[in-house]
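What follows is one chain in structure tokens, specifically the form predicted alone.
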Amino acid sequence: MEKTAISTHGVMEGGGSYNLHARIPAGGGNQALPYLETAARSCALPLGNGPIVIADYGSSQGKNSLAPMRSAVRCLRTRVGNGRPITVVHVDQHANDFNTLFDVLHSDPERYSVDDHNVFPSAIGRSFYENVFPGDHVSLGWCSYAAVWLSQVPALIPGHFIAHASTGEARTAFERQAADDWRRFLSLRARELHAGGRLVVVLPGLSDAGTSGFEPLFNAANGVLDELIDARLIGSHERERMVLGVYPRRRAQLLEPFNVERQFQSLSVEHCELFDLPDPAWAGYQRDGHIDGVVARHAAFFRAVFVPSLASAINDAERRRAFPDWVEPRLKRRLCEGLGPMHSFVQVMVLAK
């Protein structure tokens, strides 16, 4: 199969939209906080009084990074006291909404620097599929939900936009891309961590049956795209190029690079756990019975996280800007017709160098 020229930047909707609507990734990250705290207590620290470096790989607009970074800093403080500087570096694509990120780091009441004046936030606009730091530079790494995005879209998906709805050559191309990208991600992080460092990776997972929990949402959105073609708001050629470069992996796929020697590029696996992740919007609906609330939260989540990538296939800038407002109300209607929870899965992996 010939590889397409579609990129997959995975940049979220700007203006703080991701911060407002990414409650599912926030919940997944919260599941991993005990693992991050253990990693912060056990990772090797560089000798001397120089800065300790924490890397936040895939920070997006920053809100979901505050609790993990605050926990990590507090655990490190129990080891080194208040006098040693700690640098927290947030990494994301160059097109990320860094203005919102820096607003969060500067003024959010839950920011990790609010009561610690010896912690120094910064940011790097670069893909984590490239070198981000010098070698042996990072003591503690954190990556929450970002590594589900691939470095590129390897194939078009007839009739859908999500890899796990593909078959045949398209499915094989995605599996190969996901395996290659995972190895590249690990290799780069192994280079950047110094000996004894720890990396905590949080990813959306798959059940034993191969389901993610997002299938009803994705299928409803796929129907919306057909509606937009019928309404002549998007062309069929644009619809064909609407593919999400995301690939949730099974536990066996995450562990595959470590199968031969139980290490990969000097990294070893300390933990690899799969958890159920209840749908917070559905829990709210069960309490108050407000259908509009759960539907609005599901649609806003899809818009903030995935719609920008789909919109990138639209050639005309004006229609590309209007696309989110075309999708969201139609998606709400379809979700009302097939109302149900969006219970998903989260995988937490702790790696040591």
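Residue indices: 1-based, along the sequence shown. Note that the coordinates shown come from a computational prediction; the quantities given were computed from them, not determined experimentally.
What comes next is about the form predicted in complex with a small molecule, which does not appear here.
- At a distance of at most 4.5 angstroms from the small molecule in the predicted bound form, none of the three residues S166, W182 and Y247 contributes a non-hydrogen atom.
- Listed residues F133, F264, W149, W282 were compared with the small molecule in the predicted bound form; W149 is the one with a heavy atom within 4.5 Å.
- Listed residues N222, S113, Q93, S71 were compared with the small molecule in the predicted bound form; Q93 is the one with a heavy atom within 4.5 Å.
- Listed stretches are 320-328, 56-64, 289-297, 39-47; the contact stretch with the small molecule in the predicted bound form is 56-64, by a heavy atom cutoff of 4.5 Å.
- Using a 4.5 Å cutoff between non-hydrogen atoms, S144 counts as a contact of the small molecule in the predicted bound form.
- Although the partner is absent here, F102 is not a contact residue: none of its heavy atoms lies within 4.5 angstroms of the small molecule in the predicted bound form.
- Contact between S212 and the small molecule in the predicted bound form is not found at the 4.5 Å heavy atom cutoff.
- Contact check for F128: a heavy atom falls within 4.5 Å of the small molecule in the predicted bound form.
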